[in-house]
Ligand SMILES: C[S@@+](CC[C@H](N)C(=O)[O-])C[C@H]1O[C@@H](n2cnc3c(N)ncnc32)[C@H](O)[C@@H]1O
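Given as structure tokens, the chain that follows is alone and in the form predicted alone.
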Amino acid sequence: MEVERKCGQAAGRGGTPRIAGVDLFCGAGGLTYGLVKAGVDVRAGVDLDPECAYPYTANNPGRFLEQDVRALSGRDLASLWRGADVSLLAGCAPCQPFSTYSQARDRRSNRDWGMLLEFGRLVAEAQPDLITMENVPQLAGDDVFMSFLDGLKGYSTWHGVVDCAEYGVPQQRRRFVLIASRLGPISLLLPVELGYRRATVWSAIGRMPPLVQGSADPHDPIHAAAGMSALNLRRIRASSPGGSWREWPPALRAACHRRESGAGYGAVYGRMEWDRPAPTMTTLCHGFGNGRFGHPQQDRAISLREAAILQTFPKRYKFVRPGERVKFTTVGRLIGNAVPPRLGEVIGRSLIAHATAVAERRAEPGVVVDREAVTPD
């Protein structure tokens, strides 16, 4: 009952409970940034990729631990949560089984699911008060996830596929979200409860400084557009917002699209539309031919900065050290793999509202919150 006592003390102090978090598989810090903005004290981010170290620490208050989560223990996590009222374990475990390159694999193999299983191991060892996990939508109905869920004994859980656009993320991004609590029933707050509204490409990047392909803004090296071949430049000039390569003259079409087998691949070589959300940002979102990543008006692909903004990173989020050369492949990967900070903020606000409600109930005279009396999903 220690956590309920601390929550009650927090309510007695007239404040919300102090939630301390650790972000596993933190990447460039999108989830951490959103949680911090919501009011969560994220003490550390953990990732094996050294390229994540600078953007994480340059934009977030927590430590960056360049470490394999398989080397972490529950005791390590407990030391990071020390002094908080409520502990949180967060993360987005990479899910190789759902990669387009792994469709023929046995999705139940431990090797494929290693990181999700490691996340479950750390939950079992550390027993955090709160858990959140964000992942691909396909995870929701998989047997391995159901096994992971069965391991959350003593937790009340909520999980579902979230349309990020409903929460003001200006892109068509659907993600699976799980939140769990040892304190009692929990759920993700609705967009109307948080005051979020749908956003568009125009509302996000409509006022960005114009660029030509292959150039960068002198005041922001991340606002850089990849160069284009002469052929692709002709193609984008023949493209209309929301259209596809099907509207091009036959001479501009790729050989694969001229064959019957390629007719179904319409979601490439397209421009975005100003009045709609962008397509899902991927690690290759800086390339015109990699999806509908053409700028709605200018003859180029979106810039790295525009991709980050469409992911809801703030306009001055730092991805590259001052004076360092911008590598499109590296920065694109950091942006495309990130949890949208707005989604992190939604999760954080939901967790804080939940912990505050528990604290207020605990502070009421004669009310005892039973930590074991949780409601299964």
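Predicted model, so just to flag it, every value in this text is computed and none were measured. A residue's number is simply how far along the shown sequence it sits, counting from 1.
Omitted here: the form predicted in complex with the named molecule. The next part is about that form.
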TODO: Verify the contact flag for residue 94: yes if a non-hydrogen atom of it lies within 4.5 Å of a non-hydrogen atom of the named molecule in the model of the complex, no if not.
DONE: yes
Open item on the list: I'd like to know if residue 115 sits close to the named molecule in the model of the complex, meaning any non-hydrogen atom pair within 4.5 angstroms.
Closed with: yes
Open item on the list: Quick check on residue 41: any heavy atom within 4.5 Å of the named molecule in the model of the complex?
Closed with: no
Task: Non-hydrogen atom contact residue 348 with the named molecule in the model of the complex at 4.5 angstroms - done: no
Task: Segment that reaches the named molecule in the model of the complex - one of 160 to 168, 68 to 76, 188 to 196, 297 to 305, heavy atoms within 4.5 Å - done: 68 to 76
Task: Residue among 36, 343, 309, 52 with a heavy atom within 4.5 Å of the named molecule in the model of the complex - done: 52
TODO: Heavy atom within 4.5 Å of the named molecule in the model of the complex: which of 58, 320, 352, 48 fits that? Just give me the one.
DONE: 48
TODO: Note that the named molecule is not shown here; using its position in the model of the complex, name the residues of 310 to 342 with a heavy atom within 4.5 Å of it, in sequence order.
DONE: 337, 338, 339
